[in-house]
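Given next, in C-alpha cells, is a single chain: the form predicted on its own.
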C-alpha cells in the first residue's frame, strides 16, 4: 500500500514542480530570480508530498523531521523577502531568542533542573563571538558561531559538574549566583570585554559575493544587510531545532525525562544520573551561547548590561509562557520576545506615556509578568499545552 501511494504521488509531484517552475520563470523579472523562486517552491512541494506519504513519519522519523525543517525554512526565508527591515530585524531577534529558550526547555523541561543563569550563558557566547571577531575579522560566520558554542558548552560543563550534587532551590541558587556575578566578571576583564561600553564588531555581516552575484546588481533583497542576517538567523535556528527535536526523541532525551520523573527508577534501569545531568547543562549552555552569538551578529555590538540577571528571569518567564519542555513553546516564546518592543511602543504611543519615563522603562517587565500570571492561572502548561488541550477537545467533540 505504501509503495502504491508513493507511485501515485511521484507523477503529481513532477507535474506540480514543472508547473511551478514555468510560472516562476514567467512571473519573475529576471531569469535568475525565476530560478530562485522555482527552487524554493519545488523544495516546498517535495517536502510536503514526502511527509504526506502514509507511514513515512513512523518509518523514517529523522528524515521526516529534516523534511519538515526544510519546509519551514523554505517558507520563512521566502517570506522575509516581502517583510520590512524592522520586521526582519524582529524575526532575527526572535530566532536567536528561540534557540536560547529551546536549550532551557531541554534543561528544565526534559531533565527537571532549574536554571536562572541562561542569560549569563548567552553573554558567554555573545562576548566569545565579539572577542574572536575583533581579533580574527576574516573568520567565516559559521566557524565563529561554533567557537561561541564551544565556549558556552565549556562553561556549562564547569557549572554542570557541581550541579550533579545539587537539587531544586540549591541548584537554582548556584545558577543565580553565576547570573548575578557575570556582569562583574566581565568588568574585571575590561581589556578583553571593553568594560561597560562593550565591544563593537569590526564589520557588519554581508552576503557573500557568490550569493549576491546570483541576482543582478541593484536587487534590494540581497543588498540589504538586515535581510541577509535574518536569513542566517532563521537557518541557524532551523538547524538548532532539528538537532533538538532528534535529541528529545533519542535515548538521551528519554533518559532525562525518566530522571525528571523518578531518578531512583532511572538508576535502577542503568541511567547515570551525574553524566545525564551534566549533558543537559552542556546542551542548554551551548544553545544559550549560540543564541547570544546570533544576537551579537544581529546588533553588531555587545555590552555587559544586556546580559544581567533580569534577562535570565525574562528567559525563564518566556519558556513558561510558551510551554516548558516543548519545542513549539520555545518558538512561541521567541516570537513574543521579538515583537514585545513593538507592543511597548504601541502602548506608549496610545497612552501618551513618556518613552524615557520610569513607567515606560518598566513596561517590558510588567508585560511579561502579567503574561506569566495569566499563564499560570488559565494555562498552567503554557500556550502549547492549552493549544493541545483545545485540539483534543475538538477531536473528541467532532470525531472523524
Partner chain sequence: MITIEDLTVSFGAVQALRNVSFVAETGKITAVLGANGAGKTTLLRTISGLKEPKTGTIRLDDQSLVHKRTEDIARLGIGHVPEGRGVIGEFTVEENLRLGAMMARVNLLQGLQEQYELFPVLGERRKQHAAKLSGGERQMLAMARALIAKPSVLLLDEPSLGLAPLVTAQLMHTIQSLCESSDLTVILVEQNATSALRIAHHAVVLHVGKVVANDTAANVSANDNLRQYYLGLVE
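The structure presented is a predicted model; accordingly, all values stated were derived computationally and were not measured. Positions refer to the first chain, counted from 1.
One more form of this protein exists, namely the form predicted in complex with the partner chain; it is left out here, but the text below deals with it.
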- Query: Should residue 258 be counted as a contact of the partner chain in the predicted bound form, where contact means heavy atoms within 4.5 Å?
  - Reply: yes
- Contact test in the predicted bound form: residue 271 vs the partner chain, heavy atoms, 4.5 Å: yes
- Though only this chain appears here, would residue 262 touch the partner chain in the predicted bound form if you measure heavy atom gaps against 4.5 Å? yes
- Message: Taking the partner chain as it sits in the predicted bound form, is residue 167 in contact with it (heavy atom to heavy atom, 4.5 Å or less)?
- Response: no
- Message: Please pick out the stretch from 307 to 315, 157 to 165, 250 to 258, 283 to 291 that is in contact with the partner chain in the predicted bound form, where contact means heavy atoms within 4.5 Å.
- Response: 250 to 258
